[in-house]
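Have a look below at one chain only, the form predicted on its own, in structure tokens format.
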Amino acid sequence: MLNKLLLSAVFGLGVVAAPGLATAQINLTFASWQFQEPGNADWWNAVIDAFEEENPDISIEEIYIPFADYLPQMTIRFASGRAPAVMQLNEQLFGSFAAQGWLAALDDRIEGTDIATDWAAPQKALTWDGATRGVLLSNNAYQFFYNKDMLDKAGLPVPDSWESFKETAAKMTDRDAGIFGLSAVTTEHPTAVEDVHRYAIWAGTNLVKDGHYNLTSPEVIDAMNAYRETVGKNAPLGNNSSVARQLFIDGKTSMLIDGPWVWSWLEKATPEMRPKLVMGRLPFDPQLAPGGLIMNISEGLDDDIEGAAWKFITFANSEEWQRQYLLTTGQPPGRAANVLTPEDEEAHPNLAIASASALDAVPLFPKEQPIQANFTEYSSVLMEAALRLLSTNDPTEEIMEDAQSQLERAIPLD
């Protein structure tokens, strides 16, 4: 636990002189990797400006850290007593921070607010050692993107089930002609790990079952064979997510499963291509959420600073600012209800689709604490397995046995 006296000195609690009145001035440090991202940065700047105008005794000091450096730089900050008062995390980072004791318990502050009653299901997973340690800011679900013109010319309907999705991907692929049924990540990239989880869940199983690794079960082996067959044979190889998205909007691939933010990519398509590209709800269940963004408060703050930090979090998560979040960033907020007005939905039908999918979505990744606390290592093992499935002829059973053995040694669940 961080020392309160040290943190008080670090975060600053000064006095601002005013005619006939002395006002306590709190400088609230806030760390995020989104301060330079179009859309996200626009929303954060607007929120911070509005918050400071409504609360002249509190100023927000932005601390920008690139996402690739976020965990190591924040580790240094916490170790040296320079932790931010408020920080942004995603669900994949949450366990690493919580396991170190860096996140304040928020249950007393949440009690009696709409966060306790009106938030989406992933909010309930933001607990560690029996306490809630974050507030869900966003709650994305995957969307289904397809090229209607390509499917029509092939005489194929839009897939309406998991089985027809796999069949359509195969029927649409003509490698010799440079046409592929699917855009997917097929190189070393974090979303390859998402794919192996998605293929397992959509096949009716999971990589972790009843608190144990399940990678060698016949059901998971069948699911990984389907991943190998569908992605390995029907998506261009060696692609990261950016290239996969570009191939789709260029009309080189007919289907893509990705986040709602790909809508902005569709808007960049040529005038000839744009009408052919459609975004819709995934045509099979369950709808899946890869993990949203979270706002957290550092453990051990001075009471005045923690109170200011909580005021900022509730301001950013008010219903109107969550509506603005969806309109500005294209990402559904943490609330378990639609925040769009009828006029919003008419003007932005893509946001209505994304919002409805998110409300039905279930978490993609396992919530066992050892996995959450060691998510980087967990992902590394599964990344290696995914690349072996796509790039080698090693038997699927051997690849999954190796992955399970590595996970049982590195991150035991018992």
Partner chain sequence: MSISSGTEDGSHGGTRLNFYRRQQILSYSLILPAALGVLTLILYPLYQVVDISLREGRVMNFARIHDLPLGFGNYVRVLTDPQFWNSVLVSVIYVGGSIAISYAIGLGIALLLNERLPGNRILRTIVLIPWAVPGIVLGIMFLWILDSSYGVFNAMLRDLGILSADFPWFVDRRTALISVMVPTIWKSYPMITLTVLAALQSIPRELYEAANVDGATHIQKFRFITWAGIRGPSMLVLMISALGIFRDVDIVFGTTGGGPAHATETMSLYVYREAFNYFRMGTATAVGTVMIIVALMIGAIFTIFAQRSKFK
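Values in this document were obtained by computation on a predicted structure and should not be read as measured data. Numbering follows the first chain given and starts at 1.
One more form of this protein should be noted, the form predicted in complex with its partner chain, which is absent from this view; the next part is about it.
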Looking at 34, 369, 380, 27, which has any heavy atom no more than 4.5 Å from its partner chain in the predicted bound form? 380
In the predicted bound form, the residue from 264, 90, 314, 246 with a non-hydrogen atom within 4.5 Å of its partner chain is 246
Would residue 273 show up as a contact with its partner chain in the predicted bound form if we use heavy atoms at 4.5 Å? no
Is residue 72 one of the residues lying within 4.5 Å of its partner chain in the predicted bound form, judged by heavy atom distances? yes
Is residue 100 one of the residues lying within 4.5 Å of its partner chain in the predicted bound form, judged by heavy atom distances? yes
When the contact criterion is heavy atoms within 4.5 Å, does residue 236 count as touching its partner chain in the predicted bound form? yes
Work out which of the listed stretches, 343-351, 370-378, 48-56, 35-43, brings a heavy atom within 4.5 angstroms of its partner chain in the predicted bound form. 370-378
Considering only 390-414, what residues come within 4.5 Å of its partner chain in the predicted bound form, judged by heavy atoms? 391, 392, 406
